[in-house]
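In structure tokens, the next block holds one chain alone, the form predicted alone.
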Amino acid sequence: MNGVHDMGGMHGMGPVKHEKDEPVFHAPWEGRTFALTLAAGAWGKWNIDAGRHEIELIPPAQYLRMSYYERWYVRLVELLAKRELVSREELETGHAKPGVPKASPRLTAGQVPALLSAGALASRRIAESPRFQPGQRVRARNIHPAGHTRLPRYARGKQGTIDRHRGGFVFPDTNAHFLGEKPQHVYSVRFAARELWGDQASPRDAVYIDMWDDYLEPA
């Protein structure tokens, strides 16, 4: 979807501030938010793409004023309510409803190290041959879906060159809305900076974007 989260090429956001020796978490609540997200996600009520889309649904003014883990917290609250793991009333009061059964955690402390090291693999085996080959000229489709997409807005309608084939992966656009994984080939596509940003860009620079089959068409 088009939204403030898709900031590539947008002006007025100021410089990127590099924090030397940046800690993993700036405050204890950020670590707790991360832990709660892992614990709740273990129930399998949503996937990583649905989680990303939930952040995209945060109203723009709120999104811009929030820190990274504030967005994670808001996302988690919405997912818990929408998937009916917790009621809105329980979230507002901070107390479970009387008589509600208490579920045993799906993720135990002993399972966390393995989960963090392995993650959730999105790669899939695909029988069909890739549509595109390295060196082939392609164009990113000029699409503006209302739902989730990993196709950057600044690349839509632009021409690039297939640099390499990445393999088969779950298609985020359908997976985010529980419409199936629809695995597809993914390619690293090289876009010249001037193709994306115009003549003011350096002729020596390029951007490499990983793109699914459904994002591309022959140039």
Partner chain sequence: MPPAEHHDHAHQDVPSDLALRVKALESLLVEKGLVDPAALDALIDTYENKVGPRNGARVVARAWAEPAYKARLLADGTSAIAEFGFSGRQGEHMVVVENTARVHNLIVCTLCSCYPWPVLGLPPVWYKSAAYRSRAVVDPRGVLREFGLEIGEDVEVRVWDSTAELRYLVLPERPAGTDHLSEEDLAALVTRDAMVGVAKVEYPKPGETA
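Numbering follows the first chain given and starts at 1. Note that the structure is a prediction, hence the values are computed from the model and not measured. Note that the rigid core is defined as the largest set of C-alphas that superpose within 1.5 Å between two forms.
One more form of this protein, predicted together with its partner chain, exists but is not displayed; see below.
Taking the shortest heavy atom distance, is A96 within 4.5 Å of its partner chain in the predicted complex? Contact with its partner chain, yes.
Spell out, yes or no, whether the shortest heavy atom distance between R131 and its partner chain in the predicted complex is within 4.5 Å. No, R131 is distant from the partner.
Can you tell me whether I48 touches its partner chain? I mean in the predicted complex, with a 4.5 angstroms heavy atom cut-off. So I48 counts as contacting its partner chain.
Taking heavy atoms and a 4.5 Å cut-off, does L179 contact its partner chain in the predicted complex? Close contact is absent here: in the predicted complex, L179 is far from its partner chain, nothing within 4.5 Å, heavy atoms only.
Residue by residue through 59-92, which ones have a non-hydrogen atom no more than 4.5 angstroms from its partner chain in the predicted complex? Going through 59-92 in order - heavy atoms within 4.5 Å of its partner chain in the predicted complex - the hits are P59, Q62, Y63, L64, R65, M66, S67, Y68, Y69, E70, R71, W72, Y73, V74, L76, V77, E78, L80, L85, V86, R88, E90, L91, E92.
Is the C-alpha displacement of D199 equal to or greater than 2 Å between this form and the one not shown once the rigid core has been superposed? Moves: no, less than 2 Å.
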